[in-house]
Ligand SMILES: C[S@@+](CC[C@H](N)C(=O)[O-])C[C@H]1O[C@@H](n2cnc3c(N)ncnc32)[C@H](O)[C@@H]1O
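First, one chain by itself: the form predicted alone, in structure tokens.
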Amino acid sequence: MDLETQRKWDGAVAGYDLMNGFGPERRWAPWKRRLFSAMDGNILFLAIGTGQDIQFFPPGQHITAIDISPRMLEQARPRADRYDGALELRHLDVHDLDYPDATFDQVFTSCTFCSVPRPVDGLRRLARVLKPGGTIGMFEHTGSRFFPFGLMLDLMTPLTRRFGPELNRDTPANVQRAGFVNLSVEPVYLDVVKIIRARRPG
């Protein structure tokens, strides 16, 4: 367990829903609903946070949702209890997944890989627990190729990484480095917010 990362996100709980709640969720809701509508089979959801994304999950699914922060999971519990399906919450670090190889049919993430300390390694750990041919679906914000956005995100990242996400990561490239194939990237907002889909080989 990465205790430094755990402490960072435990400390972010107090203002998390205020910062990431009503406005942002209304803005991104149609995109997240469409991404999560593909949920099927045995599903792993990485970094459930306070559970804001649960409202966008289709009913009747079997979902294991993990997070490195126990305080985030405490906040998520009431939302998880209201979910119309099987939703298990676990305190777990993506770098220390304790599931056997090829456990899950699908993995989903939402604004997660801006914050995983070793993103390529974390993605490889997810690939290990995916069945051959299993898919990953990601709603992520990333760095930008365009001026001035790329420069702004590069300048902000040394500050933001101290209390939350890194803003300039190339997550699509990290997905490929981790060994996923059939990568597709759908722009949501400029080239910063994206839906990323890929598949474990086999």
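One rule holds for the numbers: they count along the sequence shown, beginning at 1. All values reported here derive from a predicted model rather than from experimental measurement.
The same protein has a further form, the form predicted together with the named molecule, not shown here; the description that follows concerns it.
Between 128 to 136, 68 to 76, 81 to 89, 99 to 107, the stretch whose residues reach within 4.5 angstroms of the named molecule in the model of the complex through a non-hydrogen atom is 68 to 76. Using a 4.5 angstroms limit between non-hydrogen atoms, residue 16 touches the named molecule in the model of the complex.
The closest heavy atom approach of residue 175 to the named molecule in the model of the complex falls outside 4.5 Å. For the chain shown alone, residue 44 is not a contact residue for the named molecule in the model of the complex, no non-hydrogen atom being within 4.5 angstroms. Although the partner is absent here, residue 180 is not a contact residue: none of its heavy atoms lies within 4.5 angstroms of the named molecule in the model of the complex.
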